[in-house]
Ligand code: ATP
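As structure tokens, one chain now follows by itself in the form predicted on its own.
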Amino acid sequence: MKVLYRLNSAGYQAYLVGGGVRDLLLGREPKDFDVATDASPEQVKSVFNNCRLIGRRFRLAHVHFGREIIEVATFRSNQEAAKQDDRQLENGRILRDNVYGTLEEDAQRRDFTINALYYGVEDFSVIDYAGGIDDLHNGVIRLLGDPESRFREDPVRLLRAVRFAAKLGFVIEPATEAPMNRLAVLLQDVPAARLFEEVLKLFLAGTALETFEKLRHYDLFAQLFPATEEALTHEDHEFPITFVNRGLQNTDKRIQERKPVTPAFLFAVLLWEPVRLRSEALQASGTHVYEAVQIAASEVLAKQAKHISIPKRFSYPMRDIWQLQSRFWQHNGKRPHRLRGHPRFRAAYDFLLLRAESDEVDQAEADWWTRFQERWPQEESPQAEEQQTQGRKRRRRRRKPKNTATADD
């Protein structure tokens, strides 16, 4: 509201736009707020001291309020660029777009009708140039303009269509839906780092399972996780798809209960089947199980990086989760206690539970570890008791050497 009022006071048009308006009209809590204005990025910066300009593809102003950031974008135009550098396209895909225009032109440049809604504080009204209100009431995801052209401009819109449909419980309008399977291959041209961020949005919105099913329906999942799709398509058993489904259900449940979810566990679930199959092939040729999983993990992650760039802060825990699986069959001596003390034990144990629920491994194995933890809580494990005992032991004082001096000395 401060951004809107201050820009209005400075003589500029300013509107709340996009997902914030959409979610408020649906009675949902918006995750963030975006503002559209006729002020250029440089003019926005002159109004706010707490403003930074970012981006080359789309020049944006970020107004900072502590940790909160309000993104302010200048109205964009459909007109041809006056300068060659202002708009760049390659095979129909927008690489750069800083051609500014009017509010109505900006509305036509939005992706979906339900995201082309503007709220202004001058008269507290919602402005709708694209029929977004009707689509919002009817539960429809509709692209603005020719669907094929708009998907080619930015192939990530294919993923956004699925995400909004799953998140909002809407249906994708037939004309928008028609080219989606055919154009799925366009995702191969999207940078792997950008797809990582999009995948997090897809699977961490509380509707991961439905999103997964829709992605497979439109041949999009195969572009994101080709090795997993290949494994699931040609698998003879039911447990791989059951495992993924249960893992995504677990993710949705944790999000609904406002519990933390780590992307490492999510990606470990999504990539487990190709890792498992490759590991089993290596073991069949004589490789030790631990080394086999290690090699399989490296190969699968290297191939996956060509499609989605997974940061090391997530790929390293994924490796631990996978490699610890073979150690759950070691019940003798102090091995269970050492495993219990591993920093990734809890995630690996939860992973084992999913495997058991999916009939990939014997449920009795998971039950053994559940009973083990009940019998030996971490804080009361033999190692902890031993460490506490050692901590209580006093250091022995050194004895002073006996005084052997004689009277003659």
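These numbers come from a predicted model, not from an experiment. Just count from 1 along the sequence shown to find any residue number.
Omitted here: the form predicted in complex with the ligand. The next part is about that form.
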| query | Though the ligand is not shown, can you say which of 357, 34, 365, 38 has a heavy atom within 4.5 Å of it in the predicted bound form? | reply | 34
| note | None of 219, 104, 299, 154 but one has a heavy atom within 4.5 Å of the ligand in the predicted bound form; the exception is 154
| Any of the heavy atoms of residue 327 lying within 4.5 Å of the ligand in the predicted bound form? | no
| query | Given that the partner is absent here, does residue 201 sit within 4.5 Å of the ligand in the predicted bound form, heavy atoms only? | reply | yes
| query | Looking at the partner-bound form in the predicted bound form, is residue 229 within 4.5 Å of the ligand by any heavy atom? | reply | no
| request: Would you please decide whether residue 307 lies within 4.5 angstroms of the ligand in the predicted bound form, comparing each non-hydrogen atom pair? | output: no
| Where, among 105 to 113, 307 to 315, 229 to 237, 174 to 182, do residues come within 4.5 Å of the ligand in the predicted bound form by heavy atom distance? | 105 to 113
| If you look in the predicted bound form, which residues in 164 to 182 sit within 4.5 Å of the ligand (heavy atoms)? | 164, 167
